[in-house]
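Just one chain is shown here, as structure tokens, and it is the form predicted alone.
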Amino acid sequence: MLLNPLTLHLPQTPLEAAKLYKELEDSKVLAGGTFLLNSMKLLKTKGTKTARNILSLAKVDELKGVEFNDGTLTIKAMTRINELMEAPLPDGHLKILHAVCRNISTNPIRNMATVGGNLTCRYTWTEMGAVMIALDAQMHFLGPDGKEDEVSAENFFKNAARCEKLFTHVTVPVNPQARSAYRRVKKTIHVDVPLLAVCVKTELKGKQWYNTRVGINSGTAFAQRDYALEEFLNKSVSSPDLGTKALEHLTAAIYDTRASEYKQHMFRVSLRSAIEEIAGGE
């Protein structure tokens, strides 16, 4: 299907892209294209207006790649999902990023889709949000004046994943003391998008949990934290039944709102399994 008439813009630098992002009216950003192009085709089919300006980041090489410096992992916005999946990551809790990437759709899609697109597309069900919240990631945005804003992943999704400036990269602290676990349940055997996903990250002093963060993707709301569960875990020590006990301390509205009995059950199965993985690894 042909798209409606549009103007394609191909900036060469992050600053040029940031200026266009601010200046262009009726525009959309094109990263990997797996979300945007399908959306534009669907809108045309429905007879709905589509963007007249497309800002492609394909030529902005500075927005591509994965780097590790001074205890911080930097993932640039135009890094493709497969590139992150194959990137060497520091040993420890950040290895779950490889598992997250493997769970995203199919190999052809992962060869096109980008980390930036997954984080900023404003679909509530995408995989990366809950994980970045659990990993205490910071998201970085570039303005047309060249100034950078830094926003926590948690606050970004609290603000419904709105981007007023150009998203350039995400940074994740590397903590040798941290441990993490990730669980994801797909919607159906035929539709491989997440029904739900959970990510648990904590630090251990012996068996004592502390600095725990729990990121939740319900699929029906933007990714968020379960503070009640975190509070319980931060008072807990690893034990064989910790996962079961933790289920008595959930923020029920996160898991039960607009959720079938099956989904509610799978949330609890996933959380118990993730917590037991960390507790059992002590």
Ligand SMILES: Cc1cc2nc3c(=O)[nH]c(=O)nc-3n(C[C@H](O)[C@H](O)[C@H](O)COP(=O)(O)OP(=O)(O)OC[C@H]3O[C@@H](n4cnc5c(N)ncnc54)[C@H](O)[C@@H]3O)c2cc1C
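Not measured: the values here are computed from a predicted model. The first residue of the sequence shown is number 1, and the count goes up from there.
The form predicted in complex with the ligand is left out here; the points below concern that form.
None of the heavy atoms of Gly65 is located within 4.5 Å of the ligand in the predicted bound form. In the predicted bound form, the ligand lies farther than 4.5 Å from every heavy atom of Arg183. Among heavy atoms of Phe267, none comes within 4.5 Å of the ligand in the predicted bound form. The ligand in the predicted bound form comes within 4.5 Å of a heavy atom belonging to Phe35. A heavy atom within 4.5 Å of the ligand in the predicted bound form is found for one listed residue only; from Ala113, Ile96, Ala137, Leu84, this is Ala113. The listed set Thr74, Asn103, Gln208, Asn211 contains one residue whose heavy atoms approach the ligand in the predicted bound form to within 4.5 Å, identified as Asn103. If you check the ligand in the predicted bound form, you find no heavy atom from any of Phe157, Glu203 and Gly215 within 4.5 Å.
For the ligand in the predicted bound form, the listed stretch (144-152, 126-134, 170-178, 85-93) containing residues with heavy atoms inside 4.5 Å is 126-134.
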